[in-house]
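Listed next as structure tokens is one chain, alone, in the form predicted on its own.
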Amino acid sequence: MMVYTITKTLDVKKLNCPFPILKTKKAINDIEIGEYIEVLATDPGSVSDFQAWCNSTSHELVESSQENGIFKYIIKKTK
């Protein structure tokens, strides 16, 4: 497991699609290219949503995990 320096943590637990993506899209504008944002979600649909969003925006989904119903995503801002 790699260690990342998280610049920003976004808690979108209890929010359902499309809000986790919308809030991440807004929050990623607050960090610099090359920095990492950690997103914590509880929506099971967020797994495919974040994969698709990262593919369409070219941001890098560097880690995706799930523990005790919490989905954690680490995304590197690429542009």
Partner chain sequence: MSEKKKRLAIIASQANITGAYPPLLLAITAAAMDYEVGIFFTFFGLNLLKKNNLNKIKITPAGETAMPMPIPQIIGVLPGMTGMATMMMKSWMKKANVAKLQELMDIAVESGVKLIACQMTMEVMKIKRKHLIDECVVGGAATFLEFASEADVNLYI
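Numbering follows the first chain given and starts at 1. What you see is a predicted model; the values in this text were computed from it and never measured.
Another form, the form predicted together with the partner chain, is not on view; read the next lines as being about it.
Contact label in the model of the complex: residue 64 to the partner chain, heavy atom within 4.5 Å: No - in the model of the complex, heavy atoms of residue 64 and the partner chain never come within 4.5 Å of each other.
Non-hydrogen atom contact residue 10 with the partner chain in the model of the complex at 4.5 angstroms: Output for residue 10 is no: heavy atoms all beyond 4.5 Å of the partner chain.
Residues of 63-79 having any heavy atom within 4.5 Å of the partner chain in the model of the complex, listed in sequence order: Residue within 4.5 Å: 79 only.
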